[in-house]
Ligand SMILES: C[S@@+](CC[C@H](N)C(=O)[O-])C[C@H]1O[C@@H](n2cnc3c(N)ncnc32)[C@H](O)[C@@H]1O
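Heads up, the chain below is alone and in the form predicted on its own; it's given as structure tokens.
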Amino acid sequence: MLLEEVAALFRDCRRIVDGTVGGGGHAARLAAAGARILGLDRDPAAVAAARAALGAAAEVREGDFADAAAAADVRAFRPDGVLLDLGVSSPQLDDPARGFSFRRGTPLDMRMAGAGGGPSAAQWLAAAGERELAEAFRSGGDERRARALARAIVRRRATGPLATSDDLVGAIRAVLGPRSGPDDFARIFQAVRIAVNDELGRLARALPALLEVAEPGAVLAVIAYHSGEDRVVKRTMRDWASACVCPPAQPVCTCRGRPLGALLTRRAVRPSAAEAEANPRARSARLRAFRKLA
């Protein structure tokens, strides 16, 4: 998504880390422009697909862009460009066994790193407290009735586990009413996925670490698909571009006192109408970019 817009941002970069390489679409486009590519992905299936698609055009490794080990790999690569394309990929969403969709009978898994990636969605729904559930539905799904939905799930799991998509859809309908439909299911399933994979926390931790290990003058670009993700990226990059990040009421500056670089996108770049029409999943994409001080 936003393939040409990404290529334009990285046109002067020669060593680019694609921290969410997925199927390798962005990596292939950037490699075709002459860049060396290090591709990372926490999903073993995505790593296998990217290696098959990219061949010798990129070095692809299994790794989480938010891990300290990944930061060490990025530092060693000495990139002048870093790309993150967040969210769930089409192959993940389209594979019923991965449990990302609300199609009937789908297991509640949603782990981006696969079976070895910590608790599944079913396990999280069974263990999370009512307050944690409500916060997840509110922050990850923009759900106004988050507390009621959290209470309903706690009541339901007392009589049996929520193991499949049908169980979670039933809980959603019980609270949102019989007129609730795919848009509502998509929001709540997204919220569960974000919580299971700690997507917002991982992003907030990873951005400063990636800026630190990137080379002076490097371009960092992030494509977000959820308002929460985009807020993290927007606030982080604006802070980087500010000379002072002290609290407004503080009389004397005690922070770094200088910007860490400059914004390359004053506003989020959105897909063109043609791309959004051709690929409905691209409609929510927002691209932001920052250049580190040289």
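Fair warning: this is a prediction, and the values are worked out from it, not measured in the lab. Position 1 is the first residue in the sequence shown; the rest follow in order.
Below, we turn to the form predicted together with this ligand, even though it does not appear here.
Visitor: Counting only non-hydrogen atoms and a 4.5 Å threshold, tell me whether Thr20, Gly25 and Asp41 all contact this ligand in the model of the complex.
Guide: Checked in the model of the complex: all three residues contact this ligand.
Visitor: May I ask you to state whether Ala46 is within 4.5 Å of this ligand in the model of the complex, using heavy atom distances?
Guide: Although this ligand is absent here, Ala46 would touch it in the model of the complex, with heavy atoms inside 4.5 Å.
Visitor: Is Ser165 close to this ligand in the model of the complex, meaning a heavy atom pair under 4.5 Å apart or at it?
Guide: Ser165: no contact with this ligand in the model of the complex.
Visitor: Any of the heavy atoms of Arg147 lying within 4.5 Å of this ligand in the model of the complex?
Guide: No, Arg147 is distant from the partner.
Visitor: Is the gap between Arg156 and this ligand in the model of the complex 4.5 Å or less for some heavy atom pair?
Guide: Arg156: no, not in contact with this ligand in the model of the complex.
Visitor: Within 4.5 Å of this ligand in the model of the complex, heavy atoms considered, which of Met112, Val219, Ile194, Ala121?
Guide: None of the other options qualify; the answer is Met112.
Visitor: Within 4.5 Å, heavy atoms only, which of Gly81, Gly141, Gly87, Gly99 is in contact with this ligand in the model of the complex?
Guide: When this ligand is considered in the model of the complex, the option within 4.5 Å is Gly87.
Visitor: What stretch, of 176-184, 89-97, 124-132, 102-110, brings heavy atoms to within 4.5 Å of this ligand in the model of the complex?
Guide: In short, 89-97.
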